[in-house]
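Take a look at this one chain, the form predicted on its own, written out in C-alpha coordinates.
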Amino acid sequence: MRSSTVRCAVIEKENPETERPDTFLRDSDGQNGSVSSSSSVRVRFEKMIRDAQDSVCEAIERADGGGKFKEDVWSRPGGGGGISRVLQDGAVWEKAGVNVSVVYGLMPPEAYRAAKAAASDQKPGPIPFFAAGISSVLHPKNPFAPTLHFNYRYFETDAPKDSPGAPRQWWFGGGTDLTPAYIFEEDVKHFHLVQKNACDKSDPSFYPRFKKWCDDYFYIKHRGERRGLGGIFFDDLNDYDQEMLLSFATECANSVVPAYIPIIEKRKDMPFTEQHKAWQQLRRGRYVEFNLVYDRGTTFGLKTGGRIESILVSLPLTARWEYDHKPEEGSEEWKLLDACINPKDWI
(Lines give C-alpha, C1' and ligand atoms only; values in the text may rest on other atoms or scores of the structure.)
Protein backbone atom coordinates (compact mmCIF):
# COMPACT_ATOMS: atom_id res chain seq x y z
CA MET A 1 0.00 0.00 0.00
CA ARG A 2 2.78 2.40 0.88
CA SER A 3 4.59 1.89 -2.41
CA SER A 4 1.46 2.69 -4.44
CA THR A 5 1.07 5.92 -2.46
CA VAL A 6 4.63 6.90 -3.33
CA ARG A 7 4.06 6.08 -6.99
CA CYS A 8 0.98 8.30 -7.25
CA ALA A 9 2.71 11.21 -5.54
CA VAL A 10 4.58 12.27 -8.68
CA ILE A 11 3.85 14.07 -11.90
CA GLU A 12 2.99 11.84 -14.82
CA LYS A 13 5.68 10.72 -17.22
CA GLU A 14 5.94 12.71 -20.42
CA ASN A 15 4.93 11.75 -23.95
CA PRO A 16 6.91 13.10 -26.92
CA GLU A 17 4.95 15.36 -29.26
CA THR A 18 5.65 16.26 -32.88
CA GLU A 19 4.17 19.77 -32.75
CA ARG A 20 4.06 22.65 -30.29
CA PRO A 21 0.52 23.15 -28.94
CA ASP A 22 -0.97 26.61 -28.54
CA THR A 23 -1.14 25.96 -24.79
CA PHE A 24 -0.23 23.29 -22.26
CA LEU A 25 -2.99 24.40 -19.90
CA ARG A 26 -5.99 22.22 -19.11
CA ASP A 27 -9.38 23.23 -20.47
CA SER A 28 -10.39 24.28 -16.95
CA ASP A 29 -7.71 26.98 -17.18
CA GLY A 30 -9.13 27.90 -20.59
CA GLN A 31 -8.04 30.66 -22.89
CA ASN A 32 -11.52 32.01 -23.64
CA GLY A 33 -14.65 33.00 -21.80
CA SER A 34 -14.98 33.29 -18.05
CA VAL A 35 -11.90 32.19 -16.13
CA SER A 36 -10.98 32.62 -12.49
CA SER A 37 -8.28 35.07 -11.46
CA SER A 38 -6.02 32.08 -10.79
CA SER A 39 -6.60 30.75 -14.33
CA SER A 40 -5.95 34.19 -15.79
CA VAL A 41 -2.53 34.32 -14.11
CA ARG A 42 -1.77 30.83 -15.42
CA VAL A 43 -2.72 31.83 -18.96
CA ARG A 44 -0.64 35.02 -18.97
CA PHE A 45 2.35 33.44 -17.24
CA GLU A 46 2.47 30.66 -19.81
CA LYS A 47 2.39 33.22 -22.63
CA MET A 48 5.18 35.21 -20.95
CA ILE A 49 7.55 32.26 -20.55
CA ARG A 50 6.97 31.01 -24.08
CA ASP A 51 7.60 34.48 -25.51
CA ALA A 52 10.76 34.74 -23.38
CA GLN A 53 11.96 31.34 -24.61
CA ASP A 54 11.57 32.46 -28.21
CA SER A 55 13.37 35.78 -27.72
CA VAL A 56 16.29 34.29 -25.75
CA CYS A 57 16.79 31.44 -28.24
CA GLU A 58 16.73 33.86 -31.18
CA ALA A 59 19.35 36.05 -29.48
CA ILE A 60 21.55 33.05 -28.65
CA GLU A 61 21.45 31.73 -32.22
CA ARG A 62 22.28 35.18 -33.62
CA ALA A 63 25.27 35.57 -31.31
CA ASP A 64 26.46 32.03 -31.98
CA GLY A 65 26.39 32.53 -35.74
CA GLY A 66 25.88 28.90 -36.65
CA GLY A 67 24.54 26.72 -33.88
CA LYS A 68 20.84 25.85 -33.81
CA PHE A 69 18.63 24.70 -30.96
CA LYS A 70 17.30 21.16 -30.94
CA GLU A 71 13.71 21.21 -29.73
CA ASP A 72 11.80 18.53 -27.85
CA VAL A 73 8.10 19.02 -27.15
CA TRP A 74 6.49 16.81 -24.53
CA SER A 75 3.13 16.48 -22.82
CA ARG A 76 1.57 14.64 -19.88
CA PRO A 77 -1.63 12.55 -20.09
CA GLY A 78 -3.41 14.50 -17.35
CA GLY A 79 -2.48 17.90 -18.76
CA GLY A 80 0.63 20.01 -18.97
CA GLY A 81 3.88 19.63 -20.84
CA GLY A 82 6.84 21.60 -22.01
CA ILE A 83 9.33 22.63 -24.65
CA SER A 84 13.01 21.85 -24.14
CA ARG A 85 15.55 23.53 -26.40
CA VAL A 86 19.27 22.76 -26.31
CA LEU A 87 22.14 24.05 -28.45
CA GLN A 88 25.35 22.02 -28.12
CA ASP A 89 28.82 22.49 -29.58
CA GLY A 90 28.04 25.75 -31.31
CA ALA A 91 30.62 28.33 -32.33
CA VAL A 92 30.12 30.30 -29.10
CA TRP A 93 28.21 28.01 -26.75
CA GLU A 94 29.40 24.69 -25.42
CA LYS A 95 25.86 24.07 -24.18
CA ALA A 96 22.84 26.35 -24.02
CA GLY A 97 19.51 25.13 -22.65
CA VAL A 98 16.27 27.11 -22.54
CA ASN A 99 13.27 25.16 -21.24
CA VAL A 100 9.66 25.97 -20.47
CA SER A 101 7.22 23.73 -18.65
CA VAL A 102 3.62 23.79 -17.47
CA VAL A 103 3.02 20.93 -15.06
CA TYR A 104 0.10 19.57 -13.07
CA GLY A 105 0.62 16.80 -10.56
CA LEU A 106 0.78 15.48 -7.03
CA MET A 107 3.87 15.91 -4.94
CA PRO A 108 4.92 14.11 -1.78
CA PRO A 109 5.53 16.22 1.34
CA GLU A 110 9.31 16.15 0.89
CA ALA A 111 8.95 17.69 -2.58
CA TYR A 112 6.65 20.36 -1.13
CA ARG A 113 9.33 21.19 1.41
CA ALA A 114 11.91 21.38 -1.40
CA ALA A 115 9.64 23.77 -3.30
CA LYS A 116 8.82 25.91 -0.25
CA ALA A 117 12.12 25.51 1.67
CA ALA A 118 10.26 25.33 4.97
CA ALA A 119 10.02 22.17 7.06
CA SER A 120 7.03 23.52 8.98
CA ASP A 121 4.96 23.37 5.77
CA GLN A 122 4.96 19.57 5.69
CA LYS A 123 1.48 18.14 5.14
CA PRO A 124 0.30 14.56 5.71
CA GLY A 125 -0.51 13.51 2.17
CA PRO A 126 0.26 14.08 -1.53
CA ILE A 127 -0.41 17.70 -2.52
CA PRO A 128 -1.95 18.71 -5.87
CA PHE A 129 0.07 21.43 -7.54
CA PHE A 130 0.45 23.55 -10.65
CA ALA A 131 3.86 24.85 -11.70
CA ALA A 132 4.90 26.84 -14.75
CA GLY A 133 8.32 28.24 -15.48
CA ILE A 134 11.19 29.02 -17.76
CA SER A 135 14.68 27.83 -16.85
CA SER A 136 17.93 28.36 -18.70
CA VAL A 137 21.65 27.85 -18.30
CA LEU A 138 24.06 29.12 -20.97
CA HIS A 139 27.65 27.81 -20.91
CA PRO A 140 29.96 29.53 -23.45
CA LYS A 141 33.17 27.95 -24.75
CA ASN A 142 35.45 30.95 -24.21
CA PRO A 143 36.65 31.14 -20.57
CA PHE A 144 36.40 34.94 -20.69
CA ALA A 145 32.68 34.72 -21.55
CA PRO A 146 30.50 34.11 -18.48
CA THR A 147 27.91 31.44 -17.85
CA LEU A 148 24.40 32.75 -17.27
CA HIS A 149 21.52 31.15 -15.41
CA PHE A 150 17.97 32.43 -15.21
CA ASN A 151 14.71 30.95 -14.00
CA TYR A 152 11.25 32.42 -13.47
CA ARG A 153 8.33 30.38 -12.18
CA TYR A 154 4.79 30.53 -10.86
CA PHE A 155 3.57 27.88 -8.44
CA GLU A 156 0.21 26.96 -6.90
CA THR A 157 -0.98 24.24 -4.57
CA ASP A 158 -4.45 23.25 -5.63
CA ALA A 159 -5.95 21.58 -2.57
CA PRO A 160 -8.79 23.62 -1.01
CA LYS A 161 -8.64 24.38 2.69
CA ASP A 162 -11.19 21.70 3.66
CA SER A 163 -9.36 18.81 1.97
CA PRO A 164 -6.28 16.79 2.96
CA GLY A 165 -2.95 18.26 1.95
CA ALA A 166 -2.13 21.93 1.71
CA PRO A 167 -4.57 24.83 1.48
CA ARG A 168 -4.49 26.69 -1.81
CA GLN A 169 -1.40 28.86 -2.03
CA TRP A 170 0.48 30.65 -4.80
CA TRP A 171 3.89 32.20 -5.14
CA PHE A 172 6.42 33.50 -7.65
CA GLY A 173 10.12 32.74 -7.73
CA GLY A 174 13.16 33.14 -9.89
CA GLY A 175 16.22 35.17 -10.65
CA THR A 176 19.09 35.81 -13.04
CA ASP A 177 22.74 35.36 -12.04
CA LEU A 178 26.16 35.58 -13.66
CA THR A 179 28.95 33.02 -13.28
CA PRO A 180 32.19 34.12 -14.93
CA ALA A 181 35.57 32.42 -14.66
CA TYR A 182 37.32 35.79 -14.95
CA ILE A 183 36.21 39.20 -13.73
CA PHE A 184 35.75 42.09 -16.12
CA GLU A 185 34.40 44.72 -13.79
CA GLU A 186 32.55 46.65 -16.49
CA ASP A 187 30.72 43.46 -17.49
CA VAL A 188 29.62 42.67 -13.95
CA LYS A 189 28.51 46.26 -13.35
CA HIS A 190 26.50 46.26 -16.57
CA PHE A 191 24.82 42.99 -15.64
CA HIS A 192 23.89 44.14 -12.13
CA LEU A 193 22.68 47.53 -13.37
CA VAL A 194 20.24 45.86 -15.77
CA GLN A 195 18.94 43.71 -12.90
CA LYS A 196 18.54 46.79 -10.70
CA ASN A 197 16.65 48.67 -13.40
CA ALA A 198 14.27 45.74 -13.85
CA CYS A 199 13.68 45.59 -10.09
CA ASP A 200 13.25 49.35 -9.67
CA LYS A 201 10.28 49.42 -12.05
CA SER A 202 8.32 47.45 -9.44
CA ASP A 203 9.91 48.40 -6.10
CA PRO A 204 13.25 50.11 -5.31
CA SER A 205 13.69 47.78 -2.33
CA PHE A 206 13.77 44.70 -4.58
CA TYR A 207 17.31 44.93 -5.96
CA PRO A 208 19.23 45.21 -2.66
CA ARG A 209 16.98 42.60 -1.09
CA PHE A 210 17.13 40.13 -3.97
CA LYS A 211 20.84 40.74 -4.63
CA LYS A 212 21.64 39.64 -1.08
CA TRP A 213 19.20 36.73 -1.41
CA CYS A 214 21.08 35.66 -4.54
CA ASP A 215 24.46 35.82 -2.80
CA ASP A 216 23.06 33.77 0.08
CA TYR A 217 21.24 31.22 -2.07
CA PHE A 218 24.03 30.33 -4.51
CA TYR A 219 26.35 29.46 -1.66
CA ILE A 220 28.31 26.20 -1.80
CA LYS A 221 28.45 25.46 1.93
CA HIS A 222 31.06 22.72 1.74
CA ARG A 223 33.37 25.08 -0.20
CA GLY A 224 32.62 28.28 1.70
CA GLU A 225 32.14 30.19 -1.55
CA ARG A 226 29.44 31.37 -3.94
CA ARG A 227 28.86 29.76 -7.31
CA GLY A 228 29.42 33.05 -9.12
CA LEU A 229 29.05 36.81 -8.88
CA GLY A 230 25.35 36.91 -8.21
CA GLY A 231 22.50 38.91 -9.60
CA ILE A 232 18.99 38.64 -8.20
CA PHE A 233 17.05 35.76 -6.67
CA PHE A 234 13.69 35.51 -4.92
CA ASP A 235 11.32 32.72 -3.95
CA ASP A 236 8.01 32.07 -2.19
CA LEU A 237 7.05 35.63 -3.12
CA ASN A 238 3.34 36.21 -2.45
CA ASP A 239 3.23 39.16 -0.06
CA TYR A 240 2.56 41.66 -2.87
CA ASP A 241 -0.27 42.13 -5.34
CA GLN A 242 -0.40 39.21 -7.77
CA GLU A 243 -0.63 41.50 -10.80
CA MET A 244 2.44 43.43 -9.68
CA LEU A 245 4.46 40.26 -9.24
CA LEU A 246 3.40 38.96 -12.64
CA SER A 247 4.56 42.25 -14.17
CA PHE A 248 7.81 42.08 -12.18
CA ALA A 249 8.58 38.53 -13.33
CA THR A 250 7.87 39.56 -16.91
CA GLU A 251 10.23 42.55 -16.65
CA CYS A 252 12.97 40.32 -15.23
CA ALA A 253 12.60 37.73 -17.99
CA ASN A 254 12.69 40.45 -20.63
CA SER A 255 15.93 41.84 -19.14
CA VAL A 256 17.94 38.65 -19.80
CA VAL A 257 18.99 39.47 -23.37
CA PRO A 258 20.09 43.10 -22.77
CA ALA A 259 21.94 42.06 -19.59
CA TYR A 260 23.88 39.20 -21.14
CA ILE A 261 24.29 39.36 -24.91
CA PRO A 262 26.41 42.59 -24.95
CA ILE A 263 28.88 40.84 -22.60
CA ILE A 264 29.03 37.79 -24.86
CA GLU A 265 29.66 39.93 -27.92
CA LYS A 266 32.67 41.53 -26.19
CA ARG A 267 34.21 38.31 -24.88
CA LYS A 268 33.32 35.45 -27.22
CA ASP A 269 36.33 35.87 -29.55
CA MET A 270 39.04 36.78 -27.03
CA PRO A 271 42.19 34.65 -27.32
CA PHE A 272 42.84 32.32 -24.37
CA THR A 273 45.33 29.71 -23.19
CA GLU A 274 44.98 26.16 -21.90
CA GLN A 275 45.47 27.56 -18.39
CA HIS A 276 42.47 29.86 -18.83
CA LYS A 277 40.39 26.92 -20.07
CA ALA A 278 41.46 24.70 -17.15
CA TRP A 279 40.35 27.37 -14.66
CA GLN A 280 37.00 27.70 -16.41
CA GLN A 281 36.57 23.92 -16.12
CA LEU A 282 37.33 24.04 -12.39
CA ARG A 283 34.64 26.71 -11.94
CA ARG A 284 32.26 24.52 -13.95
CA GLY A 285 32.96 21.83 -11.39
CA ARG A 286 31.71 24.18 -8.68
CA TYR A 287 28.60 24.77 -10.80
CA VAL A 288 27.91 21.04 -10.90
CA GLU A 289 28.44 20.70 -7.15
CA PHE A 290 25.92 23.42 -6.34
CA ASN A 291 23.27 22.21 -8.76
CA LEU A 292 23.36 18.59 -7.65
CA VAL A 293 23.72 19.18 -3.91
CA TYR A 294 21.83 22.39 -3.09
CA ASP A 295 19.64 23.69 -5.91
CA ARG A 296 15.96 23.57 -4.95
CA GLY A 297 14.73 23.41 -8.55
CA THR A 298 16.85 20.35 -9.26
CA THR A 299 15.76 18.74 -5.98
CA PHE A 300 12.09 19.41 -6.70
CA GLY A 301 12.35 18.00 -10.23
CA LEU A 302 14.07 14.82 -9.07
CA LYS A 303 11.68 14.27 -6.15
CA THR A 304 8.59 14.64 -8.35
CA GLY A 305 9.79 12.40 -11.17
CA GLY A 306 10.27 15.25 -13.62
CA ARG A 307 11.82 15.00 -17.07
CA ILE A 308 15.46 14.14 -16.36
CA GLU A 309 16.89 15.60 -19.58
CA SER A 310 15.25 18.94 -18.81
CA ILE A 311 16.28 18.90 -15.13
CA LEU A 312 19.93 18.17 -15.84
CA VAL A 313 20.31 20.37 -18.91
CA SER A 314 21.91 22.93 -16.58
CA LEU A 315 25.05 20.81 -16.29
CA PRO A 316 27.96 21.69 -18.60
CA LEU A 317 29.28 19.28 -21.21
CA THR A 318 32.65 19.26 -19.45
CA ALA A 319 34.00 20.12 -16.01
CA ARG A 320 37.17 19.52 -14.00
CA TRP A 321 38.17 18.67 -10.45
CA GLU A 322 41.77 18.95 -9.30
CA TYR A 323 42.97 17.82 -5.91
CA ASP A 324 43.57 20.72 -3.53
CA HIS A 325 43.77 23.37 -6.23
CA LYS A 326 44.65 26.86 -4.94
CA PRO A 327 45.15 29.80 -7.30
CA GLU A 328 48.18 32.00 -6.74
CA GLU A 329 47.34 34.96 -4.53
CA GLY A 330 46.88 38.13 -6.55
CA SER A 331 46.29 36.27 -9.82
CA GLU A 332 43.18 36.82 -11.95
CA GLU A 333 41.93 33.39 -10.85
CA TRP A 334 42.44 34.34 -7.22
CA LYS A 335 40.49 37.58 -7.72
CA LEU A 336 37.51 35.61 -9.00
CA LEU A 337 37.65 33.18 -6.10
CA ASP A 338 37.97 36.05 -3.62
CA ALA A 339 34.85 37.68 -5.07
CA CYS A 340 32.98 34.35 -4.74
CA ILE A 341 34.03 34.09 -1.09
CA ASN A 342 33.43 37.78 -0.29
CA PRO A 343 30.41 39.11 -2.25
CA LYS A 344 30.78 42.68 -3.49
CA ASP A 345 28.39 45.52 -4.24
CA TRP A 346 29.00 46.00 -7.97
CA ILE A 347 26.97 49.17 -8.46
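In this text, all values refer to a predicted model and were calculated from it rather than measured experimentally. When you see a residue number, it is the position in the sequence shown, counting from 1.
Heads up, the form predicted in complex with another copy of the chain isn't pictured, but that's what we're talking about next.
- If you check another copy of the chain in the predicted complex, you find no heavy atom from any of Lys212, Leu237 and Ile341 within 4.5 Å.
- Comment: another copy of the chain is not present in this chain, but in the predicted complex one of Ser84, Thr157, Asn151, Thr250 has a heavy atom within 4.5 Å of it, namely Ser84.
- When another copy of the chain is considered in the predicted complex, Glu61 lies well away from it, no heavy atom lying within 4.5 Å.
- In the predicted complex, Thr318 approaches another copy of the chain with a heavy atom inside 4.5 Å.
- Mapping the unseen interface onto this chain, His222 counts among the residues with a heavy atom inside 4.5 Å of another copy of the chain in the predicted complex.
- At the 4.5 Å threshold, heavy atoms of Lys68 stay clear of another copy of the chain in the predicted complex, well away from it.
- The chain is drawn here without another copy of the chain; in the predicted complex, the stretch among 203-211, 142-150, 69-77, 241-249 whose residues come within 4.5 Å of it by any heavy atom is 69-77.
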